[in-house]
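In structure tokens, the next block holds one chain alone, the form predicted alone.
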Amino acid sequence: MKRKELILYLQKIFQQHHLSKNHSLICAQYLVKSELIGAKSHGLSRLKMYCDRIKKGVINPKPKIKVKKLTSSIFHINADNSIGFVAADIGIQCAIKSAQKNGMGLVAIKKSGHYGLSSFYAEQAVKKNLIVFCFTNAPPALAPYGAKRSLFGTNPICFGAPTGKVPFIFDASASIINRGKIRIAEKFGLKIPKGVALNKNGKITTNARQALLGTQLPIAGYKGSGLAWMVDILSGILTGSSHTGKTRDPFEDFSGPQNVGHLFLTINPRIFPKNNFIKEMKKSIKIVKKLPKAKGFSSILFPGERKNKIYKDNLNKDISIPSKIQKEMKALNVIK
């Protein structure tokens, strides 16, 4: 299916679930972009989950989102249990405008939901020549170092910086692989890589369902556990959102809203006198790319470069939709 056609279909689905036309478009665009960059774990495979949560009343399709200005550059947003895409889109725009005007912007969001990929929001700030950090917490998936039960989410860490061309965007979960990839594997009956998750008995498993019932393994042992905790503090405790294992799983727990928290920090590098940030970024990238290549490597890429190429390559191609997801979409009364 063509990109524009798919966006229209998804927009209609969200509108049928009582989101406004504008909010529906935001959600549709983010889901399609996930497909275009090859992040299918955050694309169409999640559509049914969002719609199910709206139907169950744990996502508010008509939120009254309130933006409270605390200082000239610090804002606190109550998302009123909106879908995460909408709350985060408002939040990053607020952070961008603040950084452009005041040199920096700090936006905390509470009572939100899963917002897709952090890189979506980082990219918007970077395109305005801003440096950005994005944090969001998630349902229990990682066991704290030394524990045997999941408590922290896979809690991604995202950083972006302008380069004058392709945005530098590092977006990585605190787990070896993101939870969405395990969800995709479960959905299509695939195995997951060995060594990324344990079953509920603490043994390594390649079975996706057993991994979801068990715990995922963090990157770099105790360091990954510490990073997941850090994100939980920043996007959970600091924002006034759920934290320390209290964030509900969007696929399996419909007992109430998720109350996910997000935190965006934007910095205008031009606030520092005589600092030609983009010129120095280009110099940095050039130095790294000229290093001798390790065996098996033909080039050295900076974070965000590979996904940017995938996106451009896929932009005008048809988007392939697996039959299982097509059936889900038909059940939502849009694709006939």
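Quantities reported herein were computed from a predicted structural model and do not represent experimental measurements. Just count from 1 along the sequence shown to find any residue number.
Note that the form predicted in complex with a further copy of the same chain isn't included here; everything after this is about it.
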Check: Which one, 111-119, 248-256, 160-168, 184-192, holds residues whose non-hydrogen atoms are within 4.5 Å of a further copy of the same chain in the predicted complex?
Finding: 160-168
Notebook entry, point to check: Judged by heavy atoms and a 4.5 Å cut-off, are Ile267, Phe277 and Met281 together in contact with a further copy of the same chain in the predicted complex?
Noted result: yes
Check: Taking heavy atoms and a 4.5 Å cut-off, does Gly202 contact a further copy of the same chain in the predicted complex?
Finding: no
Check: Should Lys64 be classed as touching a further copy of the same chain in the predicted complex when contacts are defined as heavy atoms within 4.5 Å?
Finding: no
Check: Looking at the partner-bound form in the predicted complex, is Pro303 within 4.5 Å of a further copy of the same chain by any heavy atom?
Finding: yes
Notebook entry, point to check: Wondering, does Phe135 line up within 4.5 Å of a further copy of the same chain in the predicted complex on heavy atoms?
Noted result: yes
Check: Which pick from Leu227, Ala208, Ile96, Ile90 sits with a heavy atom within 4.5 Å of a further copy of the same chain in the predicted complex?
Finding: Leu227
Next item on the list: Would you give me the residues of 235-263 that have any heavy atom within 4.5 Å of a further copy of the same chain in the predicted complex, in order from first to last?
Entry: Ile237, Leu238, His243, Thr244, Lys246
